[in-house]
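Okay, so here's just one chain, in structure tokens, the form predicted on its own.
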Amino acid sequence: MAQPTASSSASERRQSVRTGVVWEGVRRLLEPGDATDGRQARIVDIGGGTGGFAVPLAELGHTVQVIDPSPDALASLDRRAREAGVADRVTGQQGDLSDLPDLADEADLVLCHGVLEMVDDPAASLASIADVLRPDGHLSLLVAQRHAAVVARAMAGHFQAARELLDDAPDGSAGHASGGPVGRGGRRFTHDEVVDLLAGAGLHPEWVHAVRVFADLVPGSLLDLEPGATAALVELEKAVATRPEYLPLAAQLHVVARR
């Protein structure tokens, strides 16, 4: 994914802030001498939508299978892949995480970004992902993080909603290893819940990065009007991503786990 420039659109600049840390982590997995030993990787992107990750990964030479429930998103994916000249390396199939065992073969890397929040059974879903990963294959998991969501609701004046979200797992029991009940915005997970879920599926976390620590707090107008602000914010997000003290402040957690 390209770095933001002065000529980038406002939406592109904001997207670079939201996905920069995640993209760096995924790209790191695919570097020569790492998970795939420099060879072409077989990647499955669950809920990959219009190809925000799939197309850039295909441009790096990997083959990507996108599984998404939206036919409109898959049509946009096809157009985007053709325009980028990688239609031979990107395929789209309609379905969701529950269809994974029937749609995907063995994969080197599975992307599951913003999907686990909405499933009925996160533990079973992760077990399905583990089943399609080759030995030593990797999962890139991006989930919404509970602590930051509580703060965001309180700052917006939604105090009862903040309390309800806080009480989903007040003592580590109600929401433990499940992320709590599925609300309108989906589940929210803590670091420990995600680690427990992965362990239960036989997956071993290799690193956890904080994502969107500051991005949701910075006014969009500042990024649109202040020269260099977006690039500086992206670098700041990367700088705190690996610092554990910032994990509770992150809107999302990016976990890379190995089978």
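Residue indices: 1-based, along the sequence shown. No experiment lies behind these values; they were computed from the predicted model shown.
The protein also exists as the form predicted together with a small molecule; that form is not presented, and the subsequent description refers to it.
The small molecule in the predicted bound form comes within 4.5 Å of a heavy atom belonging to residue 49. Although the partner is absent here, residue 162 sits far enough away that none of its heavy atoms falls within 4.5 Å of the small molecule in the predicted bound form. The small molecule in the predicted bound form comes within 4.5 Å of no heavy atom belonging to residue 123. Of the heavy atoms in residue 40, none are within 4.5 Å of the small molecule in the predicted bound form. Relative to the small molecule in the predicted bound form, residues 149, 151 and 166 are all farther than 4.5 Å at every heavy atom. Taking a 4.5 Å heavy atom cutoff to the small molecule in the predicted bound form, the contact residue among 61, 202, 69, 220 is 69. Residue-level contacts in the predicted bound form: of 97, 143, 110, 81, one residue has a heavy atom within 4.5 Å of the small molecule, and it is 97. Exactly one of the stretches 111-119, 127-135, 81-89, 153-161 approaches the small molecule in the predicted bound form with heavy atoms within 4.5 Å, and it is 111-119.
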